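So this first bit is one chain, no partners, the form predicted alone, shown in structure tokens.
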């Protein structure tokens, strides 16, 4: 499965001079949506004897989250890191992750969280599937059946869910309704501390330098700024009947009604 490490707090500072989000000094955690993907992968392992490998991209501190994933029940972890990867947008990130998955070799199912808590684009998982030429299903809320070469699952929609089936290998992105993630055990954490996590760079992946980092990222951030502060609102005076009439008039004036 694919995992991202994100800042724990929502109180992120804006570095307007560099036109970017300043995440320095913030505590980092496994992206919350990815914990559901990890839990589902571990459950599949427990039911079928599969092997779970966690792939993540980022600097040295990502190892902390990878060790937590190992402590929860993942079998292996790999970190993709290279100075050339810095500044990669979702498209470039998907390309890098896909090259890492290719290097790992055989796989049946790739599981991702529906989106990252910080960027919230939801594009990386589908991008990985596109790079690998795999079928994909997003917003999966339940895996009904999984066997060699076949999967049947439920995909959440705005007004219910769809039941879909298809061949493996496949990539899916999952929503939080799929399960309840477990906590890492103390024994697992102690064992994970001793694991050596391999780090693969640009040359290890045989990646095209023009497809990573800023040069491989078509997304352009024009401006990064905090949202404007909320106004204090407006208090409508009068009797309840007068308040209703005034409110309706204001809504009609703004073409809300």
Partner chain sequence: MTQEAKNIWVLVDHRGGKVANVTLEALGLARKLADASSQEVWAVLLADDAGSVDTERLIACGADVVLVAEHPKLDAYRDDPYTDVVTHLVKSYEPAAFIIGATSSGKSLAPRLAARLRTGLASECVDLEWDGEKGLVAVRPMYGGNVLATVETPEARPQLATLRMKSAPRPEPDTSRTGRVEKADLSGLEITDRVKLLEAVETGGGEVKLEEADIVVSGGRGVGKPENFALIKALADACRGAMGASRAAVDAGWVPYAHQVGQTGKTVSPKVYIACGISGAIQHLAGMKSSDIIVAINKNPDAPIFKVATYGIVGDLFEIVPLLTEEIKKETA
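This structure is a prediction, so every number in the text was calculated from the model and none was measured. Numbering follows the first chain given and starts at 1.
Unshown form predicted together with the partner chain; subsequent notes refer to it.
- Interface membership of residue 218, defined by any non-hydrogen atom within 4.5 Å of the partner chain in the predicted complex, is confirmed.
- The partner chain is not shown here, but in the predicted complex it comes within 4.5 Å of a heavy atom of residue 231.
- Although the partner is absent here, residue 142 lies well away from the partner chain in the predicted complex, with no heavy atom inside 4.5 Å.
- For residue 88, no non-hydrogen atom is located within 4.5 Å of the partner chain in the predicted complex, even though that partner is not displayed.
- In terms of contact with the partner chain in the predicted complex, the residue from 84, 78, 71, 156 that brings a heavy atom within 4.5 Å is 156.
- Residues from 132-161 that approach the partner chain in the predicted complex with a non-hydrogen atom closer than or equal to 4.5 Å are 133, 134, 135, 136, 137, 138, 139, 152, 155, 156, 157, 158, 159, 160, 161, in the order they occur in the chain.
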